[in-house]
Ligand code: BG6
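What follows is a single chain, given as structure tokens, in the form predicted alone.
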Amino acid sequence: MTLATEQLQAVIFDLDGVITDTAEFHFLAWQQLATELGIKFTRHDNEQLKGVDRLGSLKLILQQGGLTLDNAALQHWSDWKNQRYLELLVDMQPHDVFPLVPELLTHLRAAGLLLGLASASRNAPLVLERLKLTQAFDFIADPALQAQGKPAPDIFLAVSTALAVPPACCIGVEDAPAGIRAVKAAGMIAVGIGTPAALSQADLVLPTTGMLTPLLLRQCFTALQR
């Protein structure tokens, strides 16, 4: 057994389901879209969309309904869903951040770690603004600039590049299987927020983000580097 030379330098977070819960807003918007298209869409179906970008989610819903749309129609319905989602976000406030998450971000920064955000949502900057958390992150990735969405590693690699931190020195925090696969594909340690059964590929799984601490993340990183 040899000691690893890498040290934890950055923690990269997903947004929905990790920092706050906008999943209900997404579900309602997608369900209304599906109804418009004559497709049955349940909460169980919505689970398949977690961690998937907007266009990818739309295509999954269309596939479920046996529908095919041209590019113009895809763009129309993608914009339709986004507008409905934005309308639902109007009342989001800082108290909608998950418990202890603001304190966690403060403690991680105080511990000398860089913080990044790797959300598939193009509305992540707006959500962070409403939550008063924009300044908590050193870099917020733009999913529109990535060649592939999760479970491809592109967005996590974009964050590590922007932070000038090697992927091997990063931990990614995700709540969706697609997100966990993206973290692992990027060559990072994956922390899952949820249940071990749902996030079996994660290196560490906790029920809530607020249970994380700088010490716990460093211990996880060190244990997996040996």
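All residue numbers are counted from 1 along the displayed sequence. Bear in mind the structure is a predicted one, so any value in this text is a computation, not a measurement.
FYI, the form predicted in complex with the ligand isn't displayed, but the following is about it.
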For the chain shown here without its partner, which stretch in 107-115, 129-137, 81-89, 68-76 has non-hydrogen atoms within 4.5 angstroms of the ligand in the predicted bound form?
81-89
Taking heavy atoms and a 4.5 Å cut-off, does Leu199 contact the ligand in the predicted bound form?
no
Is Gln31 one of the residues lying within 4.5 Å of the ligand in the predicted bound form, judged by heavy atom distances?
no
Please tell me whether any heavy atom belonging to Asn123 falls inside 4.5 Å of a heavy atom of the ligand, as the geometry stands in the predicted bound form.
yes
Using a 4.5 Å heavy atom cut-off, state whether Cys169 contacts the ligand in the predicted bound form.
no
If you check Ala186, Leu163, Val52, Ile61 against the ligand in the predicted bound form, which one has a heavy atom within 4.5 Å?
Val52
Judged by heavy atom distances of 4.5 Å or less, which residues of 16-32 approach the ligand in the predicted bound form?
Asp16, His26, Trp30
